[in-house]
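Below you'll find only one chain, the form predicted on its own, shown as structure tokens.
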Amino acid sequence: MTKRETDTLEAHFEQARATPPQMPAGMMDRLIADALAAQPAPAIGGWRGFWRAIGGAPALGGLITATAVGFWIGVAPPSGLPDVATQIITGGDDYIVADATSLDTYTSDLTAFGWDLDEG
């Protein structure tokens, strides 16, 4: 861009800044009324309110599946993950991870950072 084109463009910007657009009277009221009409009704109390709050049957199915899988992996972990549930139940410091080729012993990291002392 040349200096002349830049000056012309800047003059147009100055003119636009000098006269900002005004919203027509009553437009904000209509806009707010439309927005309120588009919002869902307030939650109903009791089980229907709970059902609506979690998202209905698909969401409940996802919650149940995630809970079951988390419990399953926590109690019977795959061979590549440490068996933390057994360590917590028995209170041992070491736990064994069964690998396809060998058995390796790992030291627990549950108390390595002083998380057990944070409860105070």
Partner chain sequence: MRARLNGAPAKATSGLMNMQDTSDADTADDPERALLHRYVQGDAAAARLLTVQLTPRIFGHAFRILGNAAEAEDVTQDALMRLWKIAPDWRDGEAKVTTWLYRVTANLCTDRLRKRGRGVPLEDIAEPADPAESAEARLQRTAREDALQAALDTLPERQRQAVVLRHIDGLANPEIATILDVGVEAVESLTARGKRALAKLLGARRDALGYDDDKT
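Model, not experiment: these values are computed from the prediction. Residue numbers count along the first chain shown, from 1.
Absent from the display: the form predicted together with the partner chain. The rest refers to it.
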property	result
4.5 Å heavy atom contact, residue 39 and the partner chain in the model of the complex	yes
Close approach of residue 30 to the partner chain in the model of the complex, 4.5 Å, heavy atom	yes
Contact label in the model of the complex: residue 35 to the partner chain, heavy atom within 4.5 Å	yes
Check all three, 13, 16 and 20, heavy atom within 4.5 Å of the partner chain in the model of the complex	yes
